[in-house]
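Only one chain comes next, encoded as structure tokens, the form predicted alone.
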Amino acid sequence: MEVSELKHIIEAALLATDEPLSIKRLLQLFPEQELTSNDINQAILALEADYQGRGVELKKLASGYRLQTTEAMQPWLLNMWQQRPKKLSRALLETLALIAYRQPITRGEIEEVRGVAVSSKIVHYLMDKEWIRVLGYRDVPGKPAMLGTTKTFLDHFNLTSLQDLPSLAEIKDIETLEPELAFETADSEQQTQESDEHEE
């Protein structure tokens, strides 16, 4: 199969799904063809070149590749929606940042750093979004769960790995993370986040 044809099929597959596609998943598109990972990689490189300098890019993420709009296009695209994306509450943002930077971390350790109790709603919300998961249990009395981030977290925030997070030295205040961590959410989700802030 010619690289150009392979490239078009991969492009169509990426457009047909909201999820990032790994090389393994892309190979499954061609059960009758004797293709290798190298063939898929060549087509991906060709696609990446095609999208250079455009409003759409082929982005490599933790779970695979995804076609998405470039960051430079976001100010214009926001004009398409009457309701602007809402931001994470400060309490939720601080909790998520601590998990991302200090994982594995227990709820008690998060509370020790923040100086306030962590609302169960925040932990459940982050787990429902599949941004965090239980990595294991600390070998101390009570066996507290150790929390860490997931590939879904990396994919959502446009990261290939945790190494892509800005260094703590670059972050002077938690507010500086908000532009990166903004996302669209239902009103009910926002209300949950706001009630968490009032609890704390």
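By rigid core we mean the largest C-alpha set that fits within 1.5 Å across both forms. The first residue of the shown sequence is 1; numbering continues from there. Nothing here was measured: the structure is a model prediction, and the numbers come from that model.
This next part talks about the form predicted in complex with a further copy of the same chain, which is not shown.
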Just checking whether V3 would be counted as a contact of a further copy of the same chain in the predicted bound form - the rule being heavy atoms within 4.5 angstroms. no
Q28 near a further copy of the same chain in the predicted bound form, any heavy atom under 4.5 Å? yes
Can you work out whether S37 and a further copy of the same chain are in contact in the predicted bound form, taking contact to mean some heavy atom pair no more than 4.5 Å apart? no
Touches a further copy of the same chain in the predicted bound form: P104 (any heavy atom, 4.5 Å): yes
At 4.5 Å, heavy atom to heavy atom, what parts of 136-152 sit next to a further copy of the same chain in the predicted bound form? List them in sequence order, or say none. G136, T149, K151
After a rigid core superposition, would you say the CA of Q103 moves by 2 angstroms or more between this form and the one not shown, or not? no
After a core superposition, would you say P75 shifts its C-alpha by at least 2 Å between this form and the one not shown? yes
Using the core for the fit, does the CA position of Q163 change by 2 Å or more between this form and the one not shown? no
